[in-house]
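Just one chain follows, in the form predicted on its own, and it is written as structure tokens.
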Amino acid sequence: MSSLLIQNGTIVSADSTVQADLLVDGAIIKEVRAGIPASTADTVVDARGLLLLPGGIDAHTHLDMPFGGTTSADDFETGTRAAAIGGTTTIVDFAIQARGTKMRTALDMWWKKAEGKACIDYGLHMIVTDLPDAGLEDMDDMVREGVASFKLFMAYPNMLMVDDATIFKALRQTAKNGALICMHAENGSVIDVIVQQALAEGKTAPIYHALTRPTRAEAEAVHRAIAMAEMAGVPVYIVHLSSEDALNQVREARDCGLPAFAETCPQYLLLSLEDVADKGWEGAKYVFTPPLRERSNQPKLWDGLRKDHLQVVSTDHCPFCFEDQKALGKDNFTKIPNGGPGIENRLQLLHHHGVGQGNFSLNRFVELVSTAPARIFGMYPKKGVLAAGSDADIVLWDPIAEHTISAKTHAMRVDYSMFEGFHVRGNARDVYSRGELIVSKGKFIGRPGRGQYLRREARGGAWK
């Protein structure tokens, strides 16, 4: 196996920044220290002026996912390629259990979707839509297969939504198997009443997707999810938190010592309802759930990231092309496929607007985009850190590189960017996945199918 030495770089972790060299033996980091002799490696790379970051981990993506009569535009090949270009070396996607079927069927299906296509390593959450008492053992089987987390929906009635009893049963089962429940927290039943009223009044434009999903409906569901987790004696993870109202519920729970965790996404930090209010049909590009919120929520979310009320920034990458797929809802906002693209731009946006704008430190940036998701989702220290024994997932980050985000140049297979025209400072130059150079000077040079499935560990008592 070949060896690689990266010299003269600045190694950034969640808790330190040091000048050091990094020696890789095959797929694994062998040594991290200053002054490693060049003679110890087959290949030597000079990283002077660059930051060495652990590969980004996007813990919330939807590749090749069926929704609303279509399928998300990026499959495991195009989506993971775009992720790699942006400095992400690991994703955790979602397998979806169809009602009336076993979870194993969904797991096999998503393995098949990724086989021969994934360019980077990937794990899978399991979306639970059907949980009879006999199905509780299915959860244990999934944990043995390395599926250490399950997602349940409190939204989308008659599609993905499950009732509180199902949620509570799933939470109690994780007390036995050590897995983590991820919650899409919105009061779907109440939202559905508001939606039907809007449609009856002829309000069908894209903007009404946001206007029919109030922040209180998110906050109420977050509160309920945390309360059920407390009764079950287990942690809970809130996905794509979007508002101050919902954040207050997580903050109060954590202040009381409860193991409540939450992520947000770049779109909630950087885009607002005011930005799309006058866009007409163009607003369909920004139809995702939860929706965009008023701009006044953004400083609170940044503060939540800074103070660890929010632990992770993921993307909820679920792209649908504007010209044909989003057009399915041209006359009815409820038929617009929910989701937007972002897997390629997460690190760029968080570095520029987080570190560059003084919202948090470079170390906190690394924690949010890599180390925390690795810890929470059972991948640490294999992933999420540059240390001896860890996978050699390494990003050579140029902190002064200038880049303008545009659909004309991005690698995602979608015909628009939610962040079109955003100018960012800081970008991935070279990216290594398990010691293999897959992005060189911003160009993908890896191969489809080289990504490996990650069997993640259930944390169990480590939550306490």
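Start at 1 with the first residue shown and count on from there. Note that the structure is a prediction, hence the values are computed from the model and not measured.
Beyond what is shown, the protein has a form predicted together with a small molecule; the following relates to that form.
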Among 369, 82, 241, 318, which has any heavy atom within 4.5 Å of the small molecule in the predicted bound form? 318
Candidate from 78, 359, 177, 289 lying within 4.5 Å of the small molecule in the predicted bound form - any heavy atom: 289
Heavy atoms within 4.5 Å of the small molecule in the predicted bound form: which of the stretches 58-66, 410-418, 41-49, 423-431 has them? 58-66
Using a 4.5 angstroms cut-off on non-hydrogen atoms, would residue 342 count as touching the small molecule in the predicted bound form? no
Flag residue 383 as yes or no: does it have a non-hydrogen atom within 4.5 angstroms of any non-hydrogen atom of the small molecule in the predicted bound form? no
Classify residue 302 as contacting or not contacting the small molecule in the predicted bound form by the rule of any non-hydrogen atom within 4.5 angstroms, answering yes or no. no
Considering non-hydrogen atoms and a 4.5 Å limit, does the small molecule approach residue 110 in the predicted bound form? no
